[in-house]
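First, one chain by itself in structure tokens, the form predicted alone.
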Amino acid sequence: MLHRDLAAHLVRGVEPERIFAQYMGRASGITGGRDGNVHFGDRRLGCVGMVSMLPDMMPVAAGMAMAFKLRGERRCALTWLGDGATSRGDFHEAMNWAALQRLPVIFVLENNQYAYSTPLRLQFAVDPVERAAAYGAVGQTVDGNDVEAVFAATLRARERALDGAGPTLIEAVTMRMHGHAAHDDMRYVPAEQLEHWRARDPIMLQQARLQAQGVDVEATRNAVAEQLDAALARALQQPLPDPASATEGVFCEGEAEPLGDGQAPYSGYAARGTDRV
């Protein structure tokens, strides 16, 4: 996972109510009020809690893929990284190990033109996707603003991984339309570059595609808005965690014990060990 890709959690089945509760530090949040608003993961849904330092999750994904391979499980790990992350050692170590071991893992490189304020031309002498071949992995570039193109590329990479063909590095070419964070006014980005990419907004493009196929996009928007409003209202009603439980679930102790039906989202998460991812 990557802490910026909140949509991945929704796709995996994490309910919006639990995400709202996580942001508000409520006991019903994914980590029971024990972690930051973007650092969480529900292992029961195949989501691993992530860290901010990029691309630290690449070795984690490679480790998960190694576990799948050793267990003989037909599963695939997937994580994201930014273009600036390809300049760090973690990237190279994960790529080398994944290719050497033919691990079932997909690395999605979100090439958004800037590593904070550093443009591509000052980051590297060769497009990072070309480095995949040097490690013995497959590299593929795709239009990162085309939702269905990215999905199709990921599906092909998954099929390769499950068939034992090893890792794939997918370069999704896109643009970061806001500053790196709230304090960043993006003054280093030329206005014409932003205008070029604004015309290729991925949501706008997908909306036009769906409307051309007869989908009532506005009705879908309204239905989703109603669901989110209801989820937010329920999250606001949830209690804050009991301070007396602050030391529970901090460390993994004992044998792994799968969560059963009816247990609280955080109950027994680490105090009794962790499940297989």
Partner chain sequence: MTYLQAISDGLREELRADERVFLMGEDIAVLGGAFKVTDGLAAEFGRERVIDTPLAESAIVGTAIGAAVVGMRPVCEMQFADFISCGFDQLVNVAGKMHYRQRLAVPLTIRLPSGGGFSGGPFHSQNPEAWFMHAPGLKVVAPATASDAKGLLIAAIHDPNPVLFFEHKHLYRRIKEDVAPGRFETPFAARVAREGRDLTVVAYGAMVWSALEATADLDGASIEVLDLRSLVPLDERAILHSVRKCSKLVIVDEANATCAAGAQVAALVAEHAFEHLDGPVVRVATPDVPIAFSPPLERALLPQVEQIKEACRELLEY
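Remember, predicted model here, so these are calculated numbers, not experimental data. Residue numbers count along the first chain shown, from 1. Under this definition, the rigid core comprises the largest set of C-alpha atoms superposing within 1.5 Å between the forms.
This next part talks about the form predicted in complex with the partner chain, which is not shown.
The partner chain isn't shown here, but in the predicted complex, which of 239-247, 205-213, 58-66, 218-226 has heavy atoms within 4.5 Å of it? After filtering at 4.5 Å, what remains is 239-247.
The partner chain: the contacting residue among M53, A233, L45, C252 in the predicted complex [heavy atom, 4.5 Å]: Only one option qualifies, and that one is M53.
If the cut-off is 4.5 angstroms on heavy atoms, which of these, Q193, T118, Q101, Q140, is the one near the partner chain in the predicted complex? Contact with the partner chain in the predicted complex is made by T118 alone.
Consider G41 of the chain shown here, and say whether it contacts the partner chain in the predicted complex, taking contact as heavy atoms within 4.5 Å. Residue-level check for G41: no, no contact with the partner chain.
Heavy atoms within 4.5 Å of the partner chain in the predicted complex: does G84 have any? Yes, G84 is a contact residue.
Does at least one non-hydrogen atom of Y188 fall within 4.5 angstroms of the partner chain in the predicted complex? It does: once the partner chain is placed as it appears in the predicted complex, Y188 has a heavy atom within 4.5 Å of it.
L122: touches the partner chain in the predicted complex, heavy atom cutoff 4.5 angstroms: Looking in the predicted complex, residue contacts with the partner chain include L122, since a heavy atom lies within 4.5 Å.
Please say whether, between the shown form and the other one, the C-alpha of L120 moves by 2 Å or more once the core is aligned. Superposed on the core, L120 moves its C-alpha 2 Å or more between the shown form and the other one.
When the rigid core is used for the superposition, does V250 move between the shown form and the other one (threshold: C-alpha shift of 2 Å or more)? It does shift by 2 Å or more.
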